[in-house]
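What follows is one chain in structure tokens, specifically the form predicted on its own.
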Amino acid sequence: MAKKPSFSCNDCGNITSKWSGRCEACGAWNSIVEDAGLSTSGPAKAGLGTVRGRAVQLTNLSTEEAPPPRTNSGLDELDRVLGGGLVPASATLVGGDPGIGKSTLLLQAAAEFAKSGLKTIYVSGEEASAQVRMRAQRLGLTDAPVQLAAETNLRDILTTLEIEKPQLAIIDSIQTMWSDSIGSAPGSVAQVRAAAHELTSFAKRQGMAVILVGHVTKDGQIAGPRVVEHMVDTVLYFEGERGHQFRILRAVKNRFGPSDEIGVFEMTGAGLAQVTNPSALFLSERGTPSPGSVVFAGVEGTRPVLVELQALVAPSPHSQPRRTVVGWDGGRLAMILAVLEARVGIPFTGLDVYLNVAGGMKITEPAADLAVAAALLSAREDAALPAETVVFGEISLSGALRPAPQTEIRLKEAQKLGFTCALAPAGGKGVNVRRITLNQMSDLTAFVGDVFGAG
């Protein structure tokens, strides 16, 4: 019996059994294409019965194995996100917005890996070799022993890698690769899936590390099927705002290390410079305390990071007030506003609310709830918090305050940067920090009353 054809959406990767002009999952038009199925061969195709495979060796959970060897890149921020360095036979996917600096970062990393002794090949499917050399010249990397290639044919690339036998291959980007065995156009779901599978499998067989560059959609997700993220060992996102010089390299998946670590870089005329103390950099442009400005003591992975939250509350001329958020979850902002009105009795009806995380940082941890509430109340009441105060803590729907994890690490980082007071929920464990006053509150009503004299 012939196998029924399957179709998938180029934008979201949704798979359907029939073609249609509009994707039912994401609503995109003319994005559904037919997937080319895998061909069968040998006895199974001829109907000669099932072919037996070889037995797989089994082990138990107590089997001890040596940790994988790692190679440092010379970029401490990159090594931190990778979990301590590059692992042989690993596949890493790096995604980010266009022009954010992905190619610059990986060219610098390729140069450092090559200088450390790794045979490195950089394959560009978007630029000619001359353009890559121009970037290397601008970055001062022309003496690095990196081998370049400008190619998009997957078969030719794999043949070259098999002959050259590099220890590291960088593919920029996976969406430009195409396989002549797939009938769809480059960048389609089938092509991206096939290219990622072939490159990842080749890297595992040859013991070669491969780094793939991926484009992202308007929603910030890596374009193409989500199965690509499952194929690779590590998924990194390169984040940042065009108007800021700060760039954040964030791990969202890592089979060889923590999956919530970040590395901080600063975009300069000579490339990306590492930031060893991101808290000081994010707060460097903070001036005199003003209403709506609050410093949040956060933790990203194993690293404490202090950032400034800025809020603006103003009367709205519209029938439906605006809620604009940059660097935080808009749904969580709506929750905080609802809790303030329902549990504390402070309404924001008829008021436009704007919230911004200074420096282009994106915050995901719930411990920012209390800092956001403090910024909103500070802007609404036109009352600035003291300059030496940091705020952190999670807010529940009942209005209770929940302690944030790693309280002592947050306080030590705040004390290091000269802060003398911290506002946090009661019940934090392991707090033993000198020269900083910790004011602990049990619920949001007590917080509002103690800090703003209301409630």
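Don't overthink the numbering: it's just position in the shown sequence, from 1. Every value quoted in this text rests on a predicted model; they were computed, and no experiment measured them.
The form predicted together with a small molecule exists for this protein as well; it is not shown, and the discussion that follows is about that form.
Visitor: Three residues, P291, I336 and V448; all within 4.5 Å of the small molecule in the predicted complex via heavy atoms?
Guide: None of them does, since no heavy atom lies within 4.5 Å of the partner.
Visitor: By the heavy atom within 4.5 Å rule, which residue out of P321, G84, G101, G301 makes contact with the small molecule in the predicted complex?
Guide: Looking at P321, G84, G101, G301 one by one, just G101 meets the 4.5 Å heavy-atom criterion.
Visitor: Note which of R138, R255, K115, R286 lies within 4.5 Å of the small molecule in the predicted complex, where distance is taken over heavy atoms; exactly one does.
Guide: Only one listed residue qualifies here, and that residue is R138.
Visitor: Report yes if any heavy atom of E341 sits within 4.5 Å of a heavy atom of the small molecule in the predicted complex; otherwise report no.
Guide: Outside the cut-off, so no.
Visitor: Can you work out whether G269 and the small molecule are in contact in the predicted complex, taking contact to mean some heavy atom pair no more than 4.5 Å apart?
Guide: Yes - in the predicted complex, heavy atoms of G269 and the small molecule come within 4.5 Å of each other.
Visitor: Does R193 make contact with the small molecule in the predicted complex, using a 4.5 Å heavy atom cut-off?
Guide: Answer no; every heavy atom of R193 is more than 4.5 Å from the small molecule in the predicted complex.
Visitor: Would D97 show up as a contact with the small molecule in the predicted complex if we use heavy atoms at 4.5 Å?
Guide: Yes, D97 sits close enough to the small molecule in the predicted complex that at least one of its heavy atoms falls within 4.5 Å.
Visitor: Can you tell me which of 201-209, 357-365, 102-110, 374-382 lies within 4.5 Å of the small molecule in the predicted complex, counting heavy atoms only?
Guide: Checking each option against the 4.5 Å cut-off leaves 102-110.
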